[in-house]
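One chain comes next, on its own, written out as structure tokens in the form predicted on its own.
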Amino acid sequence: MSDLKSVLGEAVEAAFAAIGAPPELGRVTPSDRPDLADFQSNGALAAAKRLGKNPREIATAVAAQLAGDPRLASVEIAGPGFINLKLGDAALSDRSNVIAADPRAGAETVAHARKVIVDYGGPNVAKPMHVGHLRASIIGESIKRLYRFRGDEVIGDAHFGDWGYQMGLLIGAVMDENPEIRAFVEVLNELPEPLGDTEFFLADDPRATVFDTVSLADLDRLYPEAAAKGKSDTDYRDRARKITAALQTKQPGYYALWQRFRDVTRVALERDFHALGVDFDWWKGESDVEHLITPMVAELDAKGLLVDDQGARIIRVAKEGDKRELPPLLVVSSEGSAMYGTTDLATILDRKQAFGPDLVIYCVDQRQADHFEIVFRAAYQAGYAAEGQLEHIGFGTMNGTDGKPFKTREGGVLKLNDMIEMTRTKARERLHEAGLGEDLTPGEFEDIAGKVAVAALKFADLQNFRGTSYVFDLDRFTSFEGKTGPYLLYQAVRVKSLLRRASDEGAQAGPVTVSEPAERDLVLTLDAFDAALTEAYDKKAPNALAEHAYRLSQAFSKFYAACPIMQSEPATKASRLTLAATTLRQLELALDLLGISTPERM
């Protein structure tokens, strides 16, 4: 099942070949002038140079080859040799009926499925998520869904930051602030055996309840103070590094306190991710590969990759011809602890052993590009991945209306949960302003307000190419007019309302027969779904899919205004109800791939 552009492309390529021109020059694209044609081919200009002929002469010869094609209503030559192609109504009718009968609404699957891991989210234990985590979560979730929909076997991994230097800083800071916690940690540290994941036996010790006093708000307050002190106070920094090294050997007191950090953070993370419609197959963190690090370091050493450097151990990754100087990967610090890059390298090894991925996509801030380049090169040297199996897809920043990274009015970093609540509040206001939801129960209204808020947040982000920064304007993005998520939801709900009315009146959908210009435009837009999916998949760029969803909504709106449905005679009504139902199915598929759920009504 191929889209119309592909089918026409094959026909035009055959026509070019028939006149002795390279067939690949017969590439077909959507017309730049949809008022004149549906598709166009500009290959005659390139063919003229190769064959030494006039481009209009070549275009005329190609048009003659296509003259008998029953799918085409017209083939015309424009300008110096552009070939304009207009489909016949019968071809559009046939294609729309194929899409209507397809549960995937015209979407194809990849020819060769792959095993893919998408690493996104990336929250840190002991810190609430902030707006900086929003883009990773939204983009990564969409890419996971897109790749799975196209037929790949996909695992989404949150990959928590829970095992590095920041943990040593926080453990020290909490002990400094609370003498009872310090005392109990020191008692535990005297235990002869380390605490393992299944050996946390403190539930029956009343002293362990002191850990319950540590909240996520405490950790969020203490970390900036500890991080700043670690930069200015050498002794404080060295102590944090030693605690980190001891934690990584599961020294009982430090490990038990760390478990409290992890557990209290997980509750908040799951709340925020759930509110965004984001989910993971693996909730793994850096600590999950701790058991691999010692044997991995030994293996790297045996392969001759480790180099001693001022008491630390590194892997040099610089290559001749590099345009910028890349520092080495620090594998073991001078204090003997594993570093951020070490756990990333061990994670690559863990994923290879557990899943054997053909591709691992890292959806992380563009500012981490050099870090991933260093880690990937080390992984390739070690044989943990083949060249090209690891790919970092970066993204820009979400900025405020002042053009600077989004901040609170006080100038601080806005917590993600606060942003979600702020957007939900605005969604409630917009629903009331539009006179929507007045006949709903309070529970239904809140559910819809939540969906509108998520649609506003996600579409505001995903309509942009991920590599660019964008300005988040809450007033504009929560509007039910314009290129926004709420507008798309409203269009979907309008189609649902129409179909319910048709069902209540006993009207049945039937075969599509295209005749009106607005019907033609709608079918051509429905036909472009697979092309949008292919572009989003190949470029790992959901904005192509977001653009299609918006164009589809616009095409349906024009169709709805120009082509009466319920007032039409039976055959026309049946045809247009099929077009409406097909539009809804495709729109909901597209929105779901963007991570957006549609309500049944408003």
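Here the structure is a predicted model, which is why all the values come from computation and not from measurement. Between two forms, the rigid core is defined as the largest C-alpha subset superposing within 1.5 Å. Sequential numbering from 1, following the sequence displayed.
We do not show the form predicted together with the RNA, though everything after this point is about it.
Every residue of the trio 78, 286 and 554 has some heavy atom no more than 4.5 Å from the RNA in the model of the complex. Comparing 321 to 329, 146 to 154, 256 to 264, 376 to 384 against the RNA in the model of the complex, the single stretch with non-hydrogen atoms within 4.5 angstroms of it is 321 to 329. Of the residues 207, 86, 476, 407, just one reaches the RNA in the model of the complex with a heavy atom at 4.5 Å or closer; this is 476. Checked against the RNA in the model of the complex, the candidates 235, 439, 504, 481 yield a single residue with a heavy atom inside 4.5 Å, and that residue is 481. Mapping the unseen interface onto this chain, residue 282 falls outside it, with no heavy atom inside 4.5 Å of the RNA in the model of the complex. The RNA in the model of the complex is approached by residue 27, whose closest heavy atom lies within 4.5 angstroms of it.
The closest non-hydrogen atom of residue 333 lies within 4.5 Å of the RNA in the model of the complex. In the model of the complex, the RNA lies farther than 4.5 Å from every heavy atom of residue 56. Contact annotation for 289 to 317: residues with any non-hydrogen atom within 4.5 angstroms of the RNA in the model of the complex are 309, 310, 312, 314, listed in sequence order.
Annotation for residue 371: C-alpha shift under 2 angstroms between the shown form and the other one, rigid core superposed.
With the core superposed, residue 223 shows a C-alpha displacement of at least 2 Å between the shown form and the other one. With a cut-off of 2 Å and the rigid core superposed, residue 480 has a Cα displacement that reaches or exceeds the cut-off between the shown form and the other one.
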